[in-house]
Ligand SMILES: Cc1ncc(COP(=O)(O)O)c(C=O)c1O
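Have a look below at one chain only, the form predicted alone, in structure tokens format.
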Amino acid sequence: MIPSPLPPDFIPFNRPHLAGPELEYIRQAVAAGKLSGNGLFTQLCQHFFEQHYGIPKVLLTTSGTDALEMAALLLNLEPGDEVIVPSYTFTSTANAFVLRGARIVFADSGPDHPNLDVAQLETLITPRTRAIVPVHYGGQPCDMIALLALARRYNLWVVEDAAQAIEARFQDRPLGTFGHLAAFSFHETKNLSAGEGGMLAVNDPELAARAEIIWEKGTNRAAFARGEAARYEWVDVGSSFLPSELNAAYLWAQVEARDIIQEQRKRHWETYAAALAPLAAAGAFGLLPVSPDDSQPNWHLFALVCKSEPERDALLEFLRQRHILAVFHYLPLHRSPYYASQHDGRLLPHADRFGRTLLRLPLYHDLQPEQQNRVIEAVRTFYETR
């Protein structure tokens, strides 16, 4: 069945951005005759992120999901081990550890932001706890200082889910550099995109060599190619986590244009904030707070927090009728059909509230001023006529 064409004035939730050189870099990758992983563009990207963020070892992956699955493999989890994960997150955050047999212990969000409530973390730790997985929702940081102090006290691993956090900082450190490991995403909805892609940041140098082996299907191929191993052998568990050079070539063009991309996203975010702040101040809806003074956001998303689920759904439909695609975000994982029966029954009221009421407006690099004004006016009209 051929899908119906979109209306000419349709405003999508997201549109992938072409910085300029992407197709030329893909052509160069094809001409070089190296399309599989770990070629020139993969190495350019990895070296940049290592130098730019001060990460000891970076490995590009086919997705942020794969980066999380690599992290779970590196922790040597066993069935029955517990991993603390926020309930308000994407399935990959939990699924990576479920695949290793771990039991997920869900943390509630904070009262004013979907990030996990660090103040409640200690009550979730048991003798079986092995790791904490904070998610930096929308590129806004969890309190990593308090979280790391708690992890050190109980000798726990910390794996940052920084899928939405590229270029965001906390206390002048890039998000994704605090935990032992961190996973980033370069999905087409992210600030920097490879279409599909991700990377694992290995901040604990003791994990670097094994991470590369897991990345290379459990073999020592990378070390062999550098002349560091006499034979190319299967030495550990692993899988095919390397992205194609075509994806890495696309990503490299985005990396080169990151300052321009970030500045444009900031302008879009500030336009929404300035236009909608009066309605928020009047109590029509809530806005997620701007990052604290000691952090730098990355302008990944702009969200409204409606007063109720029916109101949120009515606003979504109101926008849809005006050819504007906004979206609600995550359904809390502790209520998911797959894992609800394994949840311990604790109430997670803030995660539930964000699952019922949060709505994301279109925000992408190529959003035009007249399109953004249409979105703003539609939101205003919805609330002013209710």
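Numbering starts at 1 and runs along the sequence shown. No experiment lies behind these values; they were computed from the predicted model shown.
Keep in mind the form predicted in complex with this ligand is missing from the figure; the text below concerns it.
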**Study point:** in the predicted bound form, segment of 141-149, 90-98, 218-226, 287-295 with a heavy atom within 4.5 Å of this ligand
**Key:** 90-98
Review point. Taking heavy atoms only, is Tyr330 within 4.5 angstroms of this ligand in the predicted bound form?
Key: yes
Review point. Taking heavy atoms and a 4.5 Å cut-off, does Ser63 contact this ligand in the predicted bound form?
Key: yes
Check your understanding: Quick one: is Val135 in contact with this ligand in the predicted bound form, heavy atoms, 4.5 Å cut-off?
Key -> yes
Review point. So in the predicted bound form, does Leu68 come within 4.5 Å of this ligand, heavy atom to heavy atom?
Key: yes
Point to revise | The unique member of Ala194, Ala163, Leu175, Leu116 whose heavy atoms fall within 4.5 Å of this ligand in the predicted bound form | key: Ala163
Practice item. Would you kindly say which of His187, Arg169, His180, Arg210 lies with a heavy atom within 4.5 Å of this ligand in the predicted bound form? Key: His187
